[in-house]
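The chain below stands alone and is given in structure tokens; this is the form predicted on its own.
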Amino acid sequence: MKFKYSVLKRLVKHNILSHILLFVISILVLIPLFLMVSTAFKSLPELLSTDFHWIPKKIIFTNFRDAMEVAPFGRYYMNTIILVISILAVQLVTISLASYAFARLKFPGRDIIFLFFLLQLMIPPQSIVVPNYITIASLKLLDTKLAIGVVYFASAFGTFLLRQAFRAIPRDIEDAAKIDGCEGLKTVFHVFIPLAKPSFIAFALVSVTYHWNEFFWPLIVTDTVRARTLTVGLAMLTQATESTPEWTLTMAATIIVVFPLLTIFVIFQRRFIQSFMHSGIKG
């Protein structure tokens, strides 16, 4: 018993158990991703065969071409990129100004207003779909990119994140900037924003990932190809092949959708982690 305890203690001391656990979890996470890639390169008869193979017997590249022909993914890509960049650009402006106001300015009811502002984080987005849809319809914005993006132009999470970052900036730096003649918006753009750069990067990652993968709201407010996003286009592809489900095309289209985010993460993963650590987001 003492021997087993000493061995376990040694394993814990050298983090071997942690590494083993992380390795097992990594394998479990990678299995669905591997199956997706494997299916995308298989032929439909091989996929439906009872003789299962992890690696395709014959690699089929035409699934990607066929998926692009069934649905206009080129247009969906353009719509999604424009939408994600536009939302992020507007959000960076709104959350910067709102965060500075809540962190540095003094006005009656500031904390109460900020509390109500944070209530957005506790309300599921699906619960306000109906009033949002009615508002968008009354403004005659249905089936446009603006209809998808306008409801996200303000971000409670981004405001909270930057408010905490702005509050951590010493007053002495702000006072020194004022002595040098930097006041108002100049203080925000020349002092606070550069010093809170890690928080901006962390929020940008969250925003881009969320809106790239957003499905429910774009599905509701779009009816044609001109405004549909990649996730909605993927659902349309599934419906187009519903009579004879072609999972090879669906998996190929899924790779087309997730490939940009995976590529960006692989290339900039260290910068991602550093940004979240510096911004105070952990776990």
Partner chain sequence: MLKKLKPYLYLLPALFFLIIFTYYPVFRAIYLSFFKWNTSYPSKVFTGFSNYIDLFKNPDFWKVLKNSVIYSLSTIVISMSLALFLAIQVNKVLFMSSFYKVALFYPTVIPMAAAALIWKWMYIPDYGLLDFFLGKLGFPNINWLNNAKIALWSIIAVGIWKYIGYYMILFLAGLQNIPKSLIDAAIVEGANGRQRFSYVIFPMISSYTFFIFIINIINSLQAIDQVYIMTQGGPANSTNLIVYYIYEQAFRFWNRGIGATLTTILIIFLLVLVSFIFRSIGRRVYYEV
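Given the structure is predicted, the values throughout are model-derived calculations rather than measurements. Numbering follows the first chain given and starts at 1. We call the rigid core the largest set of C-alpha positions that still match within 1.5 Å between the two forms.
Keep in mind the form predicted in complex with its partner chain is missing from the figure; the text below concerns it.
Asks: Checking a candidate spot here: are I60, I85 and V225 all in contact with its partner chain in the predicted bound form (at least one heavy atom each within 4.5 Å)?
Replies: No, the candidate spot makes no contact with its partner chain.
Asks: Consider the chain as shown here, without its partner, and state which of C182, I113, I169, A204 has a heavy atom within 4.5 Å of its partner chain in the predicted bound form.
Replies: It is I113 that has a heavy atom within 4.5 Å of the partner.
Asks: Just to be sure I understand the contacts: of I81, A154, L195, L92, which is the one whose heavy atoms reach within 4.5 angstroms of its partner chain in the predicted bound form?
Replies: Looking at the other structure, the residue within range turns out to be A154.
Asks: When its partner chain is placed as it is in the predicted bound form, which of 67-75, 195-203, 125-133, 161-169 ends up with heavy atoms within 4.5 Å of it?
Replies: Heavy-atom contact with the partner occurs in 125-133.
Asks: Does A176 reach its partner chain in the predicted bound form if we count a contact as any heavy atom within 4.5 Å?
Replies: Because no heavy atom of A176 falls inside 4.5 Å of its partner chain in the predicted bound form, the answer is no.
Asks: Taking any heavy atom pair closer than or equal to 4.5 Å as contact, tell me whether T209 reaches its partner chain in the predicted bound form.
Replies: Because a heavy atom of T209 falls inside 4.5 Å of its partner chain in the predicted bound form, the answer is yes.
Asks: So, A98 and its partner chain: in the predicted bound form, are they within 4.5 Å at any heavy atom pair?
Replies: It does: once its partner chain is placed as it appears in the predicted bound form, A98 has a heavy atom within 4.5 Å of it.
Asks: Hey, in the predicted bound form, does P32 get a heavy atom within 4.5 angstroms of its partner chain?
Replies: Looking in the predicted bound form, residue contacts with its partner chain include P32, since a heavy atom lies within 4.5 Å.
Asks: Across 37-70, which residues bring a heavy atom to within 4.5 Å of its partner chain in the predicted bound form?
Replies: Heavy-atom contacts to its partner chain in the predicted bound form: T39, L47, L48, T50, D51, F52, W54.
Asks: After the core is overlaid between this form and the one not shown, has the C-alpha of S26 moved by 2 angstroms or more?
Replies: Yes, the C-alpha moves 2 Å or more.
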